[in-house]
Structures are given as C-alpha cells and as structure tokens.
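The chain below stands alone, shown as structure tokens; this is the form predicted alone.
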C-alpha cells in the first residue's frame, strides 16, 4: 500500500512539474504579446490611446504569473524531495521487516525492533510534511488563478478598445485573442495541477 502511495505521489509531482512548465511558457507569451501590443498602440497613436494602458496591465499580469509559478516550482521541488525520502524510508522499512522475518528465533532478533520503529516514525513524519506541503501548494495554485481571470477581463476590454483603432483593429484584436487564449490555457493547466494534488489528499 505504501509503495503504491509513493508511486502516486511521484506521478502527481511529475504531472505538476510538466503543467507548471507549460504555464511558465504561456506567461512568457503573454509578456511578448504585451510588448507587441505596446508597439502597435504606439504606431496607432490617438486611434489606440485607450489600448496603451492596457498593455501595461497585460505585462504586469505576465510578470505576476511568472513570479507565482517560480514560487510554486520551489514547493513542487520540495514535494519531490519529500517523496524521494519517503520512498527510501519505505524501502528501508521493507528490508528491515524482511530481515526481521528471517531472523525470527535468532539470538539478537529483538535488536531490529528499535531501528525499524525509528524508520517507520521518520516515514510517517515525512508523509505528514508532504501532506502539509500539498495543502500549501493548493493555496499557491489558487493564487495563479487570479491573474488568469484578470487577463480574461483585460482581453474583453482590449477587444472594445481595438474596435476603435481603425486600420490597427485586426492587429490589436489578435493581441486580445492571444491574451484570452493564454489565460484559458493557464486556467486549464492550474486546474490539472490542483486535481492531481486533490487526488493525493483524497487518497489519504
């Protein structure tokens, strides 16, 4: 049971790492879209006057997302280390138990009891810390949803401003679409991360 548990933890942590990597790339794309929008708005002048401050908001959202993901990556890496430690201690328990079974009736068989108990305790402590970290990571992931939701609102406002930009309409609408799509991708990726972590919690 414990072996299957640590395997599911490895799978969950690996899945989270992959999804976070994708979120980071999307956040960088949003930042690039903001730079492109700023250049277009500059060329458009008065026609895109209302769009110019929006580009600053888009850029800030990208920066906030990147900062949050970097912070979350540290939590995810810590979860990985905890899982590795737990797996090693679980294997140590298994070996102690096997030796104990083979040593039944031997003169110093009882000497195995204390180290086995210590390893079991350390495994339990490690797993409890893992669960605590999972709870904290779920909160951090919820924080990433805020800029994603804000990005969708900004994308809607961007479309309105773009409609008044004359010949720059299509270029600015393309920026609005890219921000909206990026926000949706981030939302989906974060949801997958939270689902993977929730499954671990439920399994407990």
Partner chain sequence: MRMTKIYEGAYQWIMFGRDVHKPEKIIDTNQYMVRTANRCLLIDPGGIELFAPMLAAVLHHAPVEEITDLFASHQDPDIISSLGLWDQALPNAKLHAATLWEGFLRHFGCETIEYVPIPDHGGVINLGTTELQIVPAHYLHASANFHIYDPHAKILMSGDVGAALEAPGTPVFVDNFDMHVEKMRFFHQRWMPSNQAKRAWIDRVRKLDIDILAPQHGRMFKGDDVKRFLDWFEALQVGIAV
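Given the structure is predicted, the values throughout are model-derived calculations rather than measurements. Positions refer to the first chain, counted from 1.
What comes next is about the form predicted in complex with the partner chain, which is not displayed.
Can you work out whether the partner chain is within 4.5 angstroms of a heavy atom in all three of 43, 52 and 57 in the predicted bound form? Answer is no for this spot.
With a cut-off of 4.5 Å between heavy atoms, is residue 128 one of the residues that contacts the partner chain in the predicted bound form? Contact check for residue 128: no, nothing within 4.5 Å of the partner chain in the predicted bound form.
Is residue 122 close enough to touch the partner chain in the predicted bound form, meaning at least one heavy atom pair within 4.5 Å? Yes, residue 122 sits close enough to the partner chain in the predicted bound form that at least one of its heavy atoms falls within 4.5 Å.
How about residue 132: is it within 4.5 Å of the partner chain in the predicted bound form, going by heavy atoms? It does not: once the partner chain is placed as it appears in the predicted bound form, residue 132 has no heavy atom within 4.5 Å of it.
4.5 angstroms heavy atom contact with the partner chain in the predicted bound form for residue 112: Contact with the partner chain, yes.
What are the residues of 75 to 100, in order along the chain, with a heavy atom within 4.5 Å of the partner chain in the predicted bound form? 88, 89, 91, 92, 95, 96, 98, 99, in sequence order.
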